[in-house]
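The data below hold one chain only, encoded as structure tokens and taken in the form predicted on its own.
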């Protein structure tokens, strides 16, 4: 049995969604960022940094979402681009570029949500990180002008990895200037596997607003 340790709306959603796209049978083990479950000794034995995802699979535990995506595609035979294939380099780049977006998302989430007291937050950091994220999201927007998915041959795990970044990113960056990206997210929302993943995601506890605006200083 595959077991996914998951926090609703967190990066582990990438793996939840990918498992649905792959048609795998799996168990979701829910956690919260706002209790101590991710810092317990039992969980740290699975994920040393106390983060999600952690995936129990094939007699091992994996705890980095990019590595998990690569492993799933290589062992399950779908949605990857294997060594020697024409699109391999581009596929790998998108899988890991999602982490570049993730750095900005983490900083924005920290300042808008995790830091509870207003005096802890920096409106300057909020605005800078939103602008940096917008520049990151402009990259897939340019690529998606002209075809439906990030790779010319069609949908892949690259769309899952970057798609999650864009789905969360639109809570901090308005997509008016990114029309190809916005249309891509509409295509993603129509995918049956994505809808199944949303149904299993759990109750939202991180992002409870549609959009987070940086306050005036």
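Positions refer to the first chain, counted from 1. Keep in mind it's a predicted model, so treat the numbers as computed, not measured.
The same protein also has a form predicted in complex with a small molecule, omitted here; what follows describes it.
Contact annotation for the candidate site: 39, 51 and 99 all lie close to the small molecule in the predicted complex (heavy atom within 4.5 Å). Shown alone here, residue 10 lies within 4.5 Å of the small molecule in the predicted complex, counting heavy atoms only.
Taking the partner from elsewhere, residue 33 is found to have a heavy atom lying within 4.5 Å of the small molecule in the predicted complex. The closest non-hydrogen atom of residue 65 lies within 4.5 Å of the small molecule in the predicted complex. With the small molecule omitted here, the record of contacts in the predicted complex names 43-51 of 23-31, 43-51, 152-160, 176-184, defined by a heavy atom within 4.5 Å.
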